[in-house]
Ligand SMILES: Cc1ncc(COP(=O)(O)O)c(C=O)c1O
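A single chain, nothing else alongside it, follows as structure tokens in the form predicted alone.
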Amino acid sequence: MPCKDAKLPAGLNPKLQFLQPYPFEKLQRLFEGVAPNPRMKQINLSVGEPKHPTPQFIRDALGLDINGLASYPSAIGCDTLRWTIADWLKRRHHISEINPATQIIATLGSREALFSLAQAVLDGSKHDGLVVCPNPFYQIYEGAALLAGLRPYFINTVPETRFHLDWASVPKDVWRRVQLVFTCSPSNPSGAVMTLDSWRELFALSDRYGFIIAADECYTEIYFDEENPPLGALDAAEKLARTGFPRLVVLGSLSKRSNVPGLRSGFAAGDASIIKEFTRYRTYHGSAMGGAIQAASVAAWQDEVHVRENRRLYSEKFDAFRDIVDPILPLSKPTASFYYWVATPIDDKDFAVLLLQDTNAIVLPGSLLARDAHSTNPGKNFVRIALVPSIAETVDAAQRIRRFVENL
């Protein structure tokens, strides 16, 4: 169904009418006419934008290739960057072999890559084609499917499955129509991490029905147990002896890992045959990464010290927030990511409006991150709380939320 807000001028792509406003646009509308508590400084916990300082060595590296401004960059990224990413993947995900010449390309972050990959691999002429997405979800998945001429099929992630994707809940007649599956592990918003058994099941379905898997791993480096980093898709494929990563493409990013969302730097890696055609698409798409960005990216992927410090800061904030809020509003610390996904004692939208009105703190209602599917909205009566501000602001926000809930 077209979005009820869509009013397109004549001559534009009719598929645009199916795109819903972004969650933060919906949040802005929800807050229209709401007066925040003027006695308190606003603390925004709704947007998943890293706020920790960008490491100085990455800033310095931006100037290492300033002469490169005089030439067009390669669509796939320079050899140094792709080989550096390959080395990082081998270290982090225990991969024995990956060919940076044929299985890795540089991308402008993960958002651009997720969207453009779908345009490259989906066949819109098959009008019954489907793209499987988690629900709640990152809205790019839905938009990429719709603009490619397909429809999303949602798998609700709910407390009963510990917010994991239940592949068995998808009927066989649906799987026959699926062309692409988006996964997000660690998950946005719950932080759930896919297990090896879950990957085994999904790979078997891909073998049977022939669909491609796009694994969104932008949160994979924000976790809380240094001895047990989250399992990645390439690592799972290696463990299951899937040589060459058939029908699998992983999308990674420096934004959260290195606190550089403005750098717009990521990668796509996996099945060489898909990467080859994705590269051809991107040659026309015009999304090559500039040389200065590549130089800074090389420096970032080579260093783990700043990433461990990043995790330490998040862990400190998660523990401090939980110590204050959990006695009155039950919290479950996620395995990874920088969100608390919290059940609310009242309607999630009402919770967000009243919280802003009473405390000038902003959280994102879960229903804005999800769609009605299978007779329910799995985000309803949840809020996403992004622990991206400073430790002091996080503690302040936690105290405000606790007092607010106590007075409900």
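Just so we're clear, the structure is a prediction, and the values are computed from it rather than from any experiment. So that there is no doubt, residue numbering starts at 1 and follows the sequence shown.
The following text describes the form predicted in complex with the ligand, which does not appear among the structures shown.
For the options H93, K317, R282, K256, the one in contact with the ligand in the predicted bound form, meaning a heavy atom within 4.5 Å, is K256.
L114 is the sole member of A192, V249, I222, L114 with a non-hydrogen atom within 4.5 Å of the ligand in the predicted bound form. The ligand is not shown here, but in the predicted bound form it comes within 4.5 Å of a heavy atom of D216. By the criterion of a heavy atom within 4.5 Å, R264 is counted among the residues contacting the ligand in the predicted bound form. In the predicted bound form, the ligand stays beyond 4.5 Å of every heavy atom belonging to G68. Although the partner is absent here, S110 lies within 4.5 Å of the ligand in the predicted bound form, judged by heavy atoms. The stretch among 68 to 76, 236 to 244, 180 to 188, 128 to 136 whose residues place heavy atoms within 4.5 Å of the ligand in the predicted bound form is 180 to 188. Residues of 46 to 65 placing a heavy atom within 4.5 Å of the ligand in the predicted bound form: G48 alone.
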